[in-house]
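Next up: just one chain, as structure tokens, the form predicted on its own.
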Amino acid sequence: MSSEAYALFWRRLPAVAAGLLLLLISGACGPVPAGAPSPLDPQTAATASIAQLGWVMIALGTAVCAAVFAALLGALFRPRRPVGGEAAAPAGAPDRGGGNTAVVIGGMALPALVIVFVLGYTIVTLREVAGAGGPGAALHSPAGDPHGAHADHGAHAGSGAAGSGRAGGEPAIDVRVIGRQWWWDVVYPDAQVITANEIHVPAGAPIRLTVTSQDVIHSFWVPQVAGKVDALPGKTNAITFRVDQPGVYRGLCSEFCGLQHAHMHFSLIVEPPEAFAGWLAAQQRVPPAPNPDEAPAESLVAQGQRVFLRSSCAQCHAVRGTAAAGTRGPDLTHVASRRTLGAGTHENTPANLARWVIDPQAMKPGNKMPEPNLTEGEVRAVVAYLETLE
């Protein structure tokens, strides 16, 4: 390879590399998978404003990259003067230089205009999001309040319909969410209902959701429905939203909070009003006690309840209508009605439930549940009992 060809190769290499990079990026782009928590699929006024801001920034970034690549290609492929071919400047002539105007305009003025425009657009978007009931309203909790949703949720009953943050003064459903390592406690104070990792709301109704934390800083985020809401120990943040389209929207913790941060998911389940009313009524009911005299299967269920109540399970979990009143783990009163186990890590099936009871660390390493040390028969009985808690 001659020296000229060698020099040409190294001059053209950045352009070739840039083209390959663009091909790789375009190949990685594709449709959003169904059910994926994408902020580019907005379902509320607040997230529509955020998505629009995102598209504007993507368009501006693309335009800037295109201009930079065009300038790079122009510099690489423009005709070059032979070495020594330029006539020497007269002695004492001023050094006029070259490209100073382009540097000032392209390297300083235009970037400054773009930054100022994006800043202004962001401020307008933040005001729109706040006006739509988005993140921003911080409510200081009473001393010691955010700890123990199971113990004190009754004290908050009736605090909802007349509260602030309602769109147009309409009554709203109050939902209280407590972040924990590594799952979500969900409380409906007006209805005296507690669940975990699933938030059911009616479609078309304004929802007032308050978020706090039991232990460390978490961040509550449903990308299609609302912006991120910090879950802070000792403090409560509020957000109001309304989703008109029924569906299941995935949410997650977006603040690193420990070993299982990446597996701290939840589901926002938006239902028609009548379906939500039926779900809430079912959650309010106390599960009937098993009767071993009715059928042989009931004998296994009754045995499972006895094992559950005398083991360490009842020290951490609560089941209404029984002596189990633990507050360290999720409330299991209606655990069989939930879609997942371990905050979205596994589908809620009898087989997975048995695996979780036998060895919870194998299912979700680092979680706070100790091994219950039950025999195979006891595990089978406990799972049979838990499967009746619908």
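Note that residue numbering follows the sequence shown and begins at 1. Note that the coordinates shown come from a computational prediction; the quantities given were computed from them, not determined experimentally.
Note that the form predicted in complex with a small molecule isn't included here; everything after this is about it.
- This chain is displayed without the small molecule, yet in the predicted bound form the stretch 303 to 311 from 69 to 77, 303 to 311, 241 to 249, 270 to 278 comes within 4.5 Å of it by heavy atoms.
- Put simply, residue 317 is close to the small molecule in the predicted bound form: some heavy atom of it is within 4.5 Å.
- The small molecule is not shown here, and in the predicted bound form it never comes within 4.5 Å of any heavy atom of residue 266.
- The closest non-hydrogen atom of residue 332 lies within 4.5 Å of the small molecule in the predicted bound form.
- The shortest heavy atom separation between residue 341 and the small molecule in the predicted bound form is within 4.5 Å.
- Of the residues 237, 197, 125, 219, just one reaches the small molecule in the predicted bound form with a heavy atom at 4.5 Å or closer; this is 197.
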